[in-house]
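Given as structure tokens, the chain that follows is alone and in the form predicted alone.
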């Protein structure tokens, strides 16, 4: 009798676990992916993954991806995307360098960059709504525009790289990086879960028509969402410049796809909606940075690293959209 009771209890526990996993497939998969990366790269790198130097490099990389991804959360929650973020960050880094070299003021450079990110966010959101264009169209326009500006800015110097002697060492201190991540994540968590901004952006992603019929000014909140993304892009650009101290024609060019991949690795559905969560940006950014860093430490050729990322991107996108009519968001 006692054995029967134990067997019945075990079946109940197994059933509860199975039910939870089925209802939280993306959550379980994202955490499992992170743990798998930690185990695999710890072994294949012969422990170098946890060296003091590599941990600091990994932390600096995670900081930029995580801050930008946290901002992108508002846009992706609506089922939209912004593929111009990489080109924008490249221009912002160059602009900060020019201002710092001319005036010696980092604060002025960051303020100008912040204003530009807010204006670009407002433009991206408003034009897409007013002209009834898919978000990818306006972001494509900004990507080409900023790509051209970035090229002209570098060419005007007569060199392929523009640098500054400004001391960014304070921004590379581990406690500053961790504090910045915590503060940005805390603010985004509050806005996303306890304010209208998070509620309405998720509502737009779940069903924009229903959200509008409930009396929500969807145009207004789309613009605000893109502007919130812009603020995080500005902060991320500052930490990116602090890492390199220079910028060129290709600076940050891959960040648009990197941020997208980081989010979907964290379990973010490209269709947006109520399944969008802050942890998608946190877990996904760490997983992506770990993947990039671990592959190189494990001796994988640089060309193959990009190939592996492309394969992972296709697999995750297809799996995350398997019940949808299309692969790309609106």
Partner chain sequence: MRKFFKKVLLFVTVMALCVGIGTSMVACGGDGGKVLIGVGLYQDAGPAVTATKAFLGGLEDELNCKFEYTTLSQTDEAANKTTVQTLISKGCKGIILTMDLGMSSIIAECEKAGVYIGGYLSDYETTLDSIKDNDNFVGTVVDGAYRGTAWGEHIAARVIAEGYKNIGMIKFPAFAFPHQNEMDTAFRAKIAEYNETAADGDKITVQATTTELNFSTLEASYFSENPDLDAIFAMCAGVDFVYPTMVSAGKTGIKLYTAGFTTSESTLADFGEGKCIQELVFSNVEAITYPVVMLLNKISGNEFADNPAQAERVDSSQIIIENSADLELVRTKSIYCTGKLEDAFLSAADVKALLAENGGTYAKLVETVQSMTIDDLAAL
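Positions refer to the first chain, counted from 1. Just so you know, these numbers come straight off a predicted model, no measurement behind them. For the two forms, the rigid core is made up of the largest set of C-alpha atoms that agree within 1.5 Å on superposition.
Although it is not shown, the form predicted together with the partner chain is what the next lines describe.
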Contact test in the model of the complex: residue 194 vs the partner chain, heavy atoms, 4.5 Å: yes
Residue 84 versus the partner chain, in the model of the complex: is there a non-hydrogen atom within 4.5 Å? no
Indicate whether residue 247 is a 4.5 Å heavy atom neighbour of the partner chain in the model of the complex. yes
Given that the partner chain is not shown alongside this chain, does residue 29 nevertheless sit within 4.5 Å of it in the model of the complex, heavy atom to heavy atom? no
With the partner omitted here, the residue among 161, 107, 178, 115 that in the model of the complex has a heavy atom within 4.5 Å of the partner chain is 161
Partner-proximal stretch of 67-75, 99-107, 229-237, 147-155 relative to the partner chain in the model of the complex, 4.5 angstroms, heavy atom: 147-155
Only counting heavy atoms and a 4.5 Å limit, does any residue of 198-222 reach the partner chain in the model of the complex, and if so which ones? none
Per-residue C-alpha change between the shown form and the other one, residue 274, threshold 2 Å, rigid core fit: no
I want to check residue 59: does it shift between the shown form and the other one by 2 Å or more at the Cα, with the core superposed? no
Comparing between the shown form and the other one on the rigid core, is the C-alpha shift at residue 305 2 Å or larger? yes
